[in-house]
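Starting off, we have a lone chain in the form predicted on its own, written out as structure tokens.
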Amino acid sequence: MRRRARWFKRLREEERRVKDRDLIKTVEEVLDPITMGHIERLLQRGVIWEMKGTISAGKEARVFWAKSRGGRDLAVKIYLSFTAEFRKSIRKYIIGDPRFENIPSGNFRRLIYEWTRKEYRNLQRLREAGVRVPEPIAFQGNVLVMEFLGEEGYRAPLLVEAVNDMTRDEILEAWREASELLRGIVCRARLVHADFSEYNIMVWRGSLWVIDVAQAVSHHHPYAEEFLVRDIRNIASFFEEHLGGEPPGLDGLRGELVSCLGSR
């Protein structure tokens, strides 16, 4: 509890310094008239009641804190439909996906709409498999509404941020949880995250949660095995660094996951 309180205190102090400037930048870059129309429809549908401040601002998307009519905290993720770099970066993850095959090369906005829909459906599939991910609530165009992980408008820490406040025993437990998350993704949901790392895992209410799943692919994707090997290598390297050696059970986990993928 004390470590979590320290995290949120630090986060509030850091984010307050940039929040006004960041919010102005976000409004200028993200909330174009078409995106505003999507948000308006979500308001009309009663999905969103009130938009709050910015949670995070990345190259691919901005995430806002919002409230539902009943006062529930929401995360509203808005993809940047005009970013050329992003359009190039997602090509490898949509190969073989029939939803993307018939989109004309110049129809960038429709591409992002389908990418948003893909993340929504991946979240649904993962939750149905018992994997801890934010609950998907709704999507409209390039706007995705999800469960908010955090408190008072401040997001929960990423694993890469939280690890410095963990004891060795807690890091070992986090490794076991991360291993179980991978089993859930690959063996139960029949997906490969394709970007599983300490930057896409949050620590919330004493557990690890997976985020950013738009790029996740099915076992039939031509690069599924390559993505899985990379996921295992990335998360194992992170824990090896903080444990001072190879995390326990790594070989067994690798064999189990490859076996699940091989049964496709």
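Each residue number is its position in the shown sequence, starting from 1. A quick note: this is a predicted structure, and the numbers were derived from the prediction, not measured.
Not pictured, yet referred to below: the form predicted in complex with a small molecule.
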Self-check item: The single option of Leu208, Ile55, Ile39, Ile232 touching the small molecule in the model of the complex, heavy atom within 4.5 Å
Solution: Ile55
Practice problem: Name the single residue among Arg132, Arg155, Arg183, Arg190 that comes within 4.5 Å of the small molecule in the model of the complex, judging by heavy atoms. | Solution: Arg155
Exercise. Counting only non-hydrogen atoms, choose the one of 124-132, 71-79, 88-96, 164-172 that falls within 4.5 Å of the small molecule in the model of the complex.
Key: 71-79
Practice problem: Answer yes if any heavy atom of Ile137 is within 4.5 Å of a heavy atom of the small molecule in the model of the complex; otherwise answer no. | Solution: no
Self-check item: Proximity of Glu114 to the small molecule in the model of the complex, heavy atoms at 4.5 Å
Solution: no
Exercise. May I ask you to check whether Ala236 falls inside a 4.5 Å heavy atom distance of the small molecule in the model of the complex?
Key: no
Quiz item: Is there a heavy atom of Met202 lying 4.5 Å or less from a heavy atom of the small molecule in the model of the complex?
Solution: yes
